[in-house]
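Given as structure tokens, the chain that follows is alone and in the form predicted alone.
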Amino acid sequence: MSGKCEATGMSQENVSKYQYLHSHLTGTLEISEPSPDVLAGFVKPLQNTISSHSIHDSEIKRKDSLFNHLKKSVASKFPGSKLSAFGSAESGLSLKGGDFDLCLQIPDANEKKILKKIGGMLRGQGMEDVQIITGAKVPIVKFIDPRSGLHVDISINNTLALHNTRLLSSYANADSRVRELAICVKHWALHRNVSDSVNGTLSSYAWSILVISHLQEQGVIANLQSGDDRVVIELDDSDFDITINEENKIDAISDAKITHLLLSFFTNLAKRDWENDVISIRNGGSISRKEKGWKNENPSALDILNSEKEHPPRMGEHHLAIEDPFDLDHDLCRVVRPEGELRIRDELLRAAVLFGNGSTWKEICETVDSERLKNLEPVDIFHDLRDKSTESVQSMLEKTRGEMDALDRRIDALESERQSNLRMARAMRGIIEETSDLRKEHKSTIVRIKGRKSEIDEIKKKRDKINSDVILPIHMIEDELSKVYKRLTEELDIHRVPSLKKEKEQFSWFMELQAMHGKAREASELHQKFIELVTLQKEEIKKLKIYETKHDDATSKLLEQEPLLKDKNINSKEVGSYDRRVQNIQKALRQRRGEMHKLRREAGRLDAWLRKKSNPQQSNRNRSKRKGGRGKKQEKSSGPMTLGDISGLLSGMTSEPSSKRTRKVSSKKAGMRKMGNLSAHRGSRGHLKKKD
């Protein structure tokens, strides 16, 4: 026990790990009040953070484009459904590049079954990293759209979240400082690793609630849930008061600047009496635990930390109590784990101390575990190019374009192979609808296969109908006919003359057998013709296979390099083998198109830097024209160029030689386009036209 703190029970390792919290618990921590000069030094860094991390017009456009695409390609497949956006991105309280949250409302839905179906649709569209999470409180499907780079979550019937978003959006619109403070706080929380609910800290939504609660206490915004007129809805057999009064105002609005509000946010939360208070923006201020009925249950996070047991007990509930504004039984801290709670409190204390002792905003937001954020888009997308010469960047661009050309040829080869296997599978089923612009011998083979398939089906139908009516096979009918005929024509024994009734039955049975024999013989002839046609059909399919597998040497070599296609032999006797090969090719295509997307973005970035470096003024004028020619006002609203902006520009270009080479379309592929889109390819968003 000598190695532990007598006051807190912390080990020396944990004392160092949570030094600010330890000092606070032992009464030795000092939080100073910064001087006006120190506060003034935060103005520009905070403005830069707000400007750099706000959601700009380009991201909004990409989200709108993806939303419209998913509405047409996914939501429309479920009758009576409605797709809606929610979350921080929709309320305006999100950092740039945050997740895109969507809710699909479907009456009486089997959520898990629908999510699995949606997952299959998304994989077919080429979405990346599709994950179906059914074990969460709100089951979701997560994926990445490679075209826009957006990370998307789709949930089913998460209706209350839509009302939460509307409430937060109302607060964001009430005062610009709500959005500004939320961006600063979330930027800090992201880099200090305390805004990850999956790993045991607070969610982005919880930090939004803390920001709103603080601004209510500071007299910046009114309580928008107060008022006499109430709106109550029923969801899942429970009533929820979703009242939002946007007209609510406060008498004397505080004129505090963002620097003072951020300082007081850290200071007040660091010193907060979590033992006795519950955060409640619905109440417009804190409420006591006794009034709320939420006890600060044991064991505490510190008890768990100091426990020497191999399997310590589960931490008690409601330690950092934050009430959901609509679901009043939901504590937003329920996802917080012991280590997460201690880290949150330690980081709040650290921020308050550094704010007061003259540290910079950059030091306060110093990244914890930079590897965790390595995939985040840098604020300066040209950071690695600024020290390189023009020749070096030009060489990088040429190399990237060369990789694009090679990858484009591989994608063409894969697409050709996929279409070939699709055509084989469909031809074997006899459902080819169009053959224009194919090779003459190829076309005639497919036409014969299609026509013969119809004839085979018709013969099979007639044969099976006769066999269902005529139970006995033809040889048994002939044997029975011979026996009955013999009985009817043999000489009569005067001592054994059959009765008239027996005679009638024998003649009737003989006539029936004759009719059955005629039908059975017809069925036998149909069956023989069926066999001949099937044999001929198989020979034609063999010819078709020969036509389809005639790739040139370059294409064959490209296909041999695909890991997913190795050892995937086609069994021509089984249609399913072609289907499986198509699936493997589709996986390879998704992977290669994702690589192409990254290369195109990199080529666009390099090209943009070269143009910017050669003629920055002309580059700015061109950007203004592309954005509608609205001059400085438009340029200001769009913010700095990002990788997402480049991706959006590339996808919107129709004839930009520097970003994508002109692709030649073979007559074979042109013919396949006339056959209709047999794949799950998405096409062009926002330009869907119904076929005549």
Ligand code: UTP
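Computed from a predicted structure; not experimentally measured. When you see a residue number, it is the position in the sequence shown, counting from 1.
Form predicted in complex with ligand UTP: not shown, discussed below.
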Exercise for the section: Using heavy atoms only and a 4.5 Å cut-off, determine which of 263, 332, 132, 278 is in contact with ligand UTP in the model of the complex. Expected result: 332
Completion exercise
Checked 267, 157, 400, 165 for heavy atoms within 4.5 Å of ligand UTP in the model of the complex; positive is 165
Fill in the blank from the handout: Per contact check vs ligand UTP in the model of the complex (non-hydrogen atom within 4.5 angstroms), the hit among 247 to 255, 95 to 103, 530 to 538, 582 to 590 is 95 to 103
Practice task
Please run the contact check for residue 88 against ligand UTP in the model of the complex: heavy atoms, 4.5 angstroms, yes or no?
Solution key: yes
Problem - Touches ligand UTP in the model of the complex: residue 205 (any heavy atom, 4.5 Å) - result: yes
Problem - residue 186: touches ligand UTP in the model of the complex, heavy atom cutoff 4.5 angstroms - result: yes
Practice task
Using the partner position in the model of the complex, report whether residue 404 sits within 4.5 Å of ligand UTP, counting heavy atoms only.
Solution key: no
Exercise for the section: Would you mind checking 592 to 607 for residues with a heavy atom within 4.5 Å of ligand UTP in the model of the complex? Expected result: none
